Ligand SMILES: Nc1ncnc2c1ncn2[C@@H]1O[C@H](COP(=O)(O)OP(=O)(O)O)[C@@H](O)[C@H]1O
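Taking the form predicted on its own, here's one chain by itself in structure tokens.
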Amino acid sequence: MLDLQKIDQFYGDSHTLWDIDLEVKAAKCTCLMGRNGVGKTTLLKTIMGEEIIRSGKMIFDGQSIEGFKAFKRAGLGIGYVPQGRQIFPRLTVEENLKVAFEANAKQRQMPEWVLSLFPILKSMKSRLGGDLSGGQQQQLAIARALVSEPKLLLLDEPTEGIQPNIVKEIGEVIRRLIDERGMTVLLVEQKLQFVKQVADQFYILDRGRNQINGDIESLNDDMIKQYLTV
């Protein structure tokens, strides 16, 4: 579904991503892991087209996309839920969801299956986004990304600052998207228990480099101690 080859990215003179190779398999959840500041969010932004790469290849669904702007990548089927949610606080829940129509010119009807994943949003469609709890805002951000029915969903720390019951719901939604709808998910996440609940494979970054990857069952205590423990 997504294949990154030798990706290099810079902020000014600072080399932030070094020779990143990454394969995100179709209808699977791949988790990007690592300590704070190692390049996980930057890598998601480069995939979405919000950051420019210096070199390397980026193949999505069989097509080279490294020169495409973010809006074009969205139109090809990449959905993105950034860290911090970035919903519109002065728009209603329904208006926030309809913003996603811009990513797909053919999309003008709200997919019922999206609202069925988060029933609370259907009952709150007239409420302002800024009046929702943090967990509800995260659900809204995910739902908004799903409205355009993406092939690949990028999630940047979706459990950050969220109450445990909604964390559990988000995990269940991710697995339903994969198992029932065949969606592909690339997830940045710090919580190991959540990762083991939803992920099929993992990549660990350290200092902007891909250090180790494998099936989630192969993630062991030595890897956690070396690359993830603060």
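Keep in mind the model is a prediction, meaning the values are calculated, not measured. In this text, residue numbers run from 1 along the sequence as written.
Omitted here: the form predicted in complex with this ligand. The next part is about that form.
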{"property": "In the model of the complex, the residue from V198, I47, I170, V38 that sits within 4.5 Å of this ligand by heavy atoms", "result": "V38"}
{"property": "4.5 Å heavy atom contact, T16 and this ligand in the model of the complex", "result": "yes"}
{"property": "Option from 23-31, 178-186, 61-69, 39-47 whose residues, in the model of the complex, bring a heavy atom within 4.5 Å of this ligand", "result": "39-47"}
